[in-house]
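Shown next as structure tokens: one chain only, the form predicted on its own.
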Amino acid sequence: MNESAILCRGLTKFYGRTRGIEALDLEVRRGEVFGYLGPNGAGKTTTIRLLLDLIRPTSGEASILGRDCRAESPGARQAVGYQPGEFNLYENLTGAQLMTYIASLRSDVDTATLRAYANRLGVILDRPIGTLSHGNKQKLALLQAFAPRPELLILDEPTNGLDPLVRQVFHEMVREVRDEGRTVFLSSHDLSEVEKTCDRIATVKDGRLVAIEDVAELRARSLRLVRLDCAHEPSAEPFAPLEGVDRIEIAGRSLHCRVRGPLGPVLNAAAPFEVIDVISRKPSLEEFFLSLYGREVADHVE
């Protein structure tokens, strides 16, 4: 029971000369919520399709819960609840009819559990699927993934099209899965979403792994953006020698800077200018990852 939930070694997929994903080494631990991030076209969906044996790798290997994704494909997929980024449905069926059909394909779907999740998500079950909005179809996609209570959930852009209230319900459901020792692999380009739900995150860019980070550690070590409003126009000179302080800018009687470490030395240096107000915030996870893609974090606190 201590094997990885997902393990990839050198996983590579080319579509002709176009790279889908290349040389992916990745381990997702049991019982964690793992975010898989990147812009559209980065290789996220390719990775998921390789894990589910929907496409075959050019090279490398992958396993789910100790089962080889190719050699033991049926057993591996039986342990997975999958919500695809594009959920193709039988649009002439109602939601209830679709769920009955899905339940008939799997022996692990309990009717009471299915109904409970449907109520929480506000799924519309009595209308033909073709008449539903994108958001309501997305609820159906989540329902069929969560209802079997699988050991591993693989979710591709799960909150796309959901309203804020349903997103909150989704967050609760993900936390419950983790608390039960099950695993969630969540692909997204919505960084604020991942920050709320994930324990660790991997970032891919142009088909290659960029970084794997622990969300709690990211928050702990991240810099702060600081603005000091002063009674007298400050000078940058007293702040320049301070360790962990950079990007110092003066705007009238306000000083903007980035700070790594305690604020005490900064406030001491600002004392001659009579500080009236201090505004400090940590950059969001989104700003952190924008820097990985070569874009600057906005340095000013407004």
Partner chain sequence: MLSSIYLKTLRDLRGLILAWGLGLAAAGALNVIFFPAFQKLPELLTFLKSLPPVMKTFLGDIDAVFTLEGFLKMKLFDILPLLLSVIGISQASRALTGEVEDKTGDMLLALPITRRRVVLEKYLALATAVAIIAGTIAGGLIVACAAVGADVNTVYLVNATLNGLPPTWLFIALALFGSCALKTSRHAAMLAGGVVIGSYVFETVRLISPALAGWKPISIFAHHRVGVTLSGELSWMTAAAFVGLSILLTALAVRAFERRDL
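This one's a predicted model, so the numbers in the text were calculated from it and none came from an experiment. Numbering follows the first chain given and starts at 1.
Missing here is the form predicted together with the partner chain; even so, the following discussion is about that form.
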Next item on the list: Spell it out for me: taking the partner chain in the model of the complex, does every residue among N88, L93 and I102 have a heavy atom no farther than 4.5 Å from it?
Entry: yes
Check: Hey, in the model of the complex, is G135 touching the partner chain, heavy atoms inside 4.5 Å?
Finding: no
Note to self: I'd like to check something about T183: if you look in the model of the complex, is any of its heavy atoms closer than or equal to 4.5 Å to a heavy atom of the partner chain?
What the structure shows: no
Next item on the list: Determine whether any heavy atom of P74 comes within 4.5 Å of a heavy atom of the partner chain in the model of the complex, and answer yes or no.
Entry: yes
Note to self: Within 4.5 Å, heavy atoms only: does Q168 come near the partner chain in the model of the complex?
What the structure shows: no
Next item on the list: Determine which one of 94-102, 199-207, 171-179, 111-119 lies within 4.5 Å of the partner chain in the model of the complex, judging by heavy atom distances; exactly one does.
Entry: 94-102
Next item on the list: Report the residue, out of L242, I250, I55, L267, that has at least one non-hydrogen atom within 4.5 angstroms of the partner chain in the model of the complex.
Entry: I55
Notebook entry, point to check: If we check the partner chain in the model of the complex, which of the residues in 13-35 reach within 4.5 angstroms of it by a non-hydrogen atom?
Noted result: K13
